[in-house]
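First, one chain by itself: the form predicted alone, in structure tokens.
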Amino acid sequence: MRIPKKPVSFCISLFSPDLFPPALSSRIRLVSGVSTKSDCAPGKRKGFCFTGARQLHASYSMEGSHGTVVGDNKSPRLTNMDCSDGGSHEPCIWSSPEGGHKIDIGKQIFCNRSLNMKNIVAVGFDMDYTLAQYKPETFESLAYEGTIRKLVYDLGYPRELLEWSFDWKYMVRGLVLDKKRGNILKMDRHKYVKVAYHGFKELSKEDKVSTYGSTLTRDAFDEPDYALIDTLFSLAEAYLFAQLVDFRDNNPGKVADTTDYARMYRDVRAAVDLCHRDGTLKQMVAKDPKRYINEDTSIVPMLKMLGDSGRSTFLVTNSLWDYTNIVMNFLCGARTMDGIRKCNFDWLQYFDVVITGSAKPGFFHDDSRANLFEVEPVSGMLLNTDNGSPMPQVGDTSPSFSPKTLNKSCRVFQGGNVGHLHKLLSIESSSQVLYVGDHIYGDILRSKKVLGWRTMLVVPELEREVELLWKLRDTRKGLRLLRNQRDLIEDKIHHLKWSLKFEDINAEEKQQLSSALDSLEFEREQVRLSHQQAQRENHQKFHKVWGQLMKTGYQNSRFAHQVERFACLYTSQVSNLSLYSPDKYYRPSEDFMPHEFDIIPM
């Protein structure tokens, strides 16, 4: 049993045996007697007490608005808490009275590979789009507008671009940009192109086949000719690329002949990089974080629960210290009585190590020669270290740090590599680390393949997708029946054609078979059209253009294939970890081969 770093107290009262199974009851030593009300005051962290109410209460101290919700312990479902009003509702976590019940499907954690959390000694997080979920309608629009200005004023594009607007719902993750042809593709796990647009114009089936399906060798659809839209940061630039393709096609002469589709994509990427380098985006977020970042009051209870379970927690982000401190203060900082956040360094108490400016994915290579500097939180100064150990300045006999730095249990660094992190956390085996991120290639693939870390991918789009899947489950059954009906009719048609071609039959029989064949072919066409229309309607319920995120037709999408390959776990938001025991054993569902699918009952 893992020993918590901090004592945890419970209030347990007059419960019946069904509230605690024998295995759990045997692990809890009860103190006899009945306590007074003051003995069970919120925030008290020692001993056990009976209160007269049938509750199990983990008394995590949650400053400000980060309290534990106390409610009906018999509720059959875990309530989704709305934090949009600034935190008037409190988060519901596994260790609270409401915890441990059925979790809404949109909040569940899904498992690709078995993961026993008891073997995990350190849990790490990315920041941008993992702990910090940006609002696409404001943050991505800000990035889009900044990129447009760079294209016009720095790269010489026509001023008409300044009148363009951004549809933040149009693009989705998992798409592939064909830089040379100006096409945007969605493909299945076998890399067959199923949906394709040239700019905003859909390609016909014949165009798709002639362009991507009639080559002697299979295209890998990778760099340098293609760009993968595998992070939410890339959606604005993908939309802008589609707009530029349409603009070039419909306005001859307004874009230089030497500026082909590939050059336009390079210019978009250069403009995006300029926006990030000049600090415009981060300055706007720093002025008003609430406008650009979703609040999630479950993050602090989740981090506390992980710490109290005996695990180290760390943050590894490519953002630099000044911006990281602003964002993490917004997410984890305490509030004053009037709801205003205090900007300080209190959020560091929830982490053992913070590494900023990590330059992922290069950070995950142990042989990276990146220097590791310690960050002095107050001034932001970088101090030399010897692989994380303090170094004295030239002429000094001992290293010196400010008192505020020495008082912090968490140390903050910039740069370095994964070897430094393992040393700082005393990690003996890479398989003891769980890392949570949002970027398949930047966070998950390298940490999984190079290091063997356990991984969890955050897919915010998943919450709506699984809820819609549940709602449309009967529709999907109907689609499967239509598909089976098409197969049966086609089998009959093939049989009749075979009879007409090879069997010795008289003219009358031949006429009857031909008539039956015509009827079947008419029926097949009707079923085909019904199936096709039903498929398209189902497709558009998920997204009007690209359909279901994790599917392309009947196959897993390329994005789903990457999630399956590289993410041990995946979920819609990082704080869903707070809905599960920190010692949970995550087990995957059974794999099915096609020959098993209709044999083994679901």
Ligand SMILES: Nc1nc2c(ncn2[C@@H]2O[C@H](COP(=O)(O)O)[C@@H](O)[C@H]2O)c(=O)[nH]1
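Please read these numbers as outputs of a predicted model, since none were measured by experiment. Numbers follow the displayed sequence, beginning with 1.
Absent from the display: the form predicted together with the named molecule. The rest refers to it.
Within 4.5 Å, heavy atoms only, which of D230, E98, D178, D128 is in contact with the named molecule in the model of the complex? Here the answer is residue option D128.
Going by heavy atom distances of 4.5 angstroms or less, which of K118, H276, R291, H494 would be at the interface with the named molecule in the model of the complex? Result of the distance check: H276.
Can you work out whether R189 and the named molecule are in contact in the model of the complex, taking contact to mean some heavy atom pair no more than 4.5 Å apart? R189: no contact with the named molecule in the model of the complex.
Contact with the named molecule in the model of the complex for N318, defined as at least one heavy atom pair within 4.5 Å: yes or no? Yes, N318 lies within 4.5 Å of the named molecule in the model of the complex.
Given that the partner is absent here, does D296 sit within 4.5 Å of the named molecule in the model of the complex, heavy atoms only? No - in the model of the complex, heavy atoms of D296 and the named molecule never come within 4.5 Å of each other.
Test of understanding: in the model of the complex, would R411 fall inside 4.5 Å of the named molecule by heavy atoms? No, no contact at 4.5 Å.
Among 268-276, 520-528, 496-504, 245-253, which stretch has residues with heavy atoms no more than 4.5 Å from the named molecule in the model of the complex? Flagged stretch: 268-276.
Residues D352, H420 and R454 are flagged as a possible site; in the model of the complex, is every one of them within 4.5 Å of the named molecule by some non-hydrogen atom? Judged in the model of the complex, none of D352, H420 and R454 sits within 4.5 Å of the named molecule.
Along 421-439, which positions have a non-hydrogen atom within 4.5 Å of the named molecule in the model of the complex? Heavy-atom contacts within 4.5 Å come from D438 alone.
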